[in-house]
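Shown below, as structure tokens, is a lone chain in the form predicted on its own; questions about how it binds or moves come after it.
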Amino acid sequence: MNLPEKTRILNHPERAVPEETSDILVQGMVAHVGFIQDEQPFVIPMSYYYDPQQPEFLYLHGSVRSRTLKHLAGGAPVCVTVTLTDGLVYSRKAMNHSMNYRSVVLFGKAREITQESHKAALFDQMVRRYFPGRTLGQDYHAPPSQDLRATALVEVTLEEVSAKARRGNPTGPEDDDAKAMGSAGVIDLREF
């Protein structure tokens, strides 16, 4: 994966963390999927599957009636963003309030997965990703053919990817001054 112009980080390029791309995609829960159809932009939140052993692919699924998946299955360009919010940063100055986060922005193209055995295997991996410890055949039934036919699955081939993170304390001019008016600090959301 490379960093061409489309994924070059312009604001705070020092926050680029390309080495964390896989970890962010593994830990994330929601992918915001952006595309343009008939000159109208859409951004749809979706669950997804990503396997760091196959870092060039990301999988999305939903109803066969899904406008998003129908459009993407035709090879339309797609932008997917996954963000982890690690903390809320509060400052003595309004402008310096911020968030600690890790995010990935990726661009690619999708293709539809139609082979039932491939779909069933990917669905099992998705279930285990969101519900660790659940076992096919013990905790839930394998999807019958009619369920597989009612569900669309697309494989997004990652063409361009960037990852960025903000970490640390507030950066306002008085945030380190205990005698200044107000308060400053970080609410760590990873503890919740």
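Don't overthink the numbering: it's just position in the shown sequence, from 1. This structure is a prediction, so every number in the text was calculated from the model and none was measured.
This protein has a second form, the form predicted together with a small molecule, left out of what is shown; the following refers to that one.
- M46 is the sole member of A165, L148, M46, V127 with a non-hydrogen atom lying within 4.5 angstroms of the small molecule in the model of the complex.
- Across the proposed site, V30, S63 and S66 without exception bring a heavy atom within 4.5 Å of the small molecule in the model of the complex.
- Y140 falls outside the set of residues with a heavy atom inside 4.5 Å of the small molecule in the model of the complex.
- Although the partner is absent from this view, F131 stays clear of the small molecule in the model of the complex, with no non-hydrogen atom inside 4.5 angstroms.
- Contact with the small molecule in the model of the complex, defined as any heavy atom within 4.5 Å, is confined among 50-58, 36-44, 157-165, 132-140 to 36-44.
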